[in-house]
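One chain is shown next in structure tokens, namely the form predicted on its own.
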């Protein structure tokens, strides 16, 4: 049995088929208000291979001019992000160990040929709260390392309905998605994978924002 690094938690099959379909319905409803867009790398302006949007008081965005950041509005429509569904808030309350609610939920859509390079989630004001994610659709090969790039890594599969968390010593671990396994789920009619990632953004000692 694979031993995960300290601070990496994995709950396979946490959401059953019915709950996955309910989440998918809520995501589709959210994207009517906040359509998926293609984020771009700072400086180079190179498009990422995923499309994304956000739910919650704040959303993570990136573009060539202003780089990685959180903001209250969709970069293309200028509208506020849709609220986070109670299903996700309940998951956070159950698993995160954090008394304050998440402020941002990133919604990443991976086509079957998409990847996500190794990176750290460090655009938040502090890192006491975990990063909690939900996988929907086709499975992926997820890879996680340590706080320095290029060190030892561990890879494991995330299937539709799985929940995964980076906390404590793994909160700033480098991590990424090496590949998507096509035809491993029939949840999404056109294939691909959706990843939902919940985070706190502002300092824990401050007032929480409404979500």
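Numbering follows the first chain given and starts at 1. Quick caveat, the model's predicted, so the values are computed rather than measured.
We do not show the form predicted in complex with succinic acid, though everything after this point is about it.
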Would 108, 119 and 158 all count as contacting succinic acid in the predicted bound form, using a 4.5 Å heavy atom cut-off? yes
Looking at heavy atoms inside 4.5 Å, which stretch does succinic acid contact in the predicted bound form, given the options 69-77, 82-90, 109-117, 122-130? 109-117
Just one of 30, 165, 177, 172 has a heavy atom within 4.5 Å of succinic acid in the predicted bound form. Which one? 177
Check residue 193 for me: does it contact succinic acid in the predicted bound form (non-hydrogen atoms, 4.5 angstroms)? yes
Is the gap between residue 200 and succinic acid in the predicted bound form 4.5 Å or less for some heavy atom pair? no
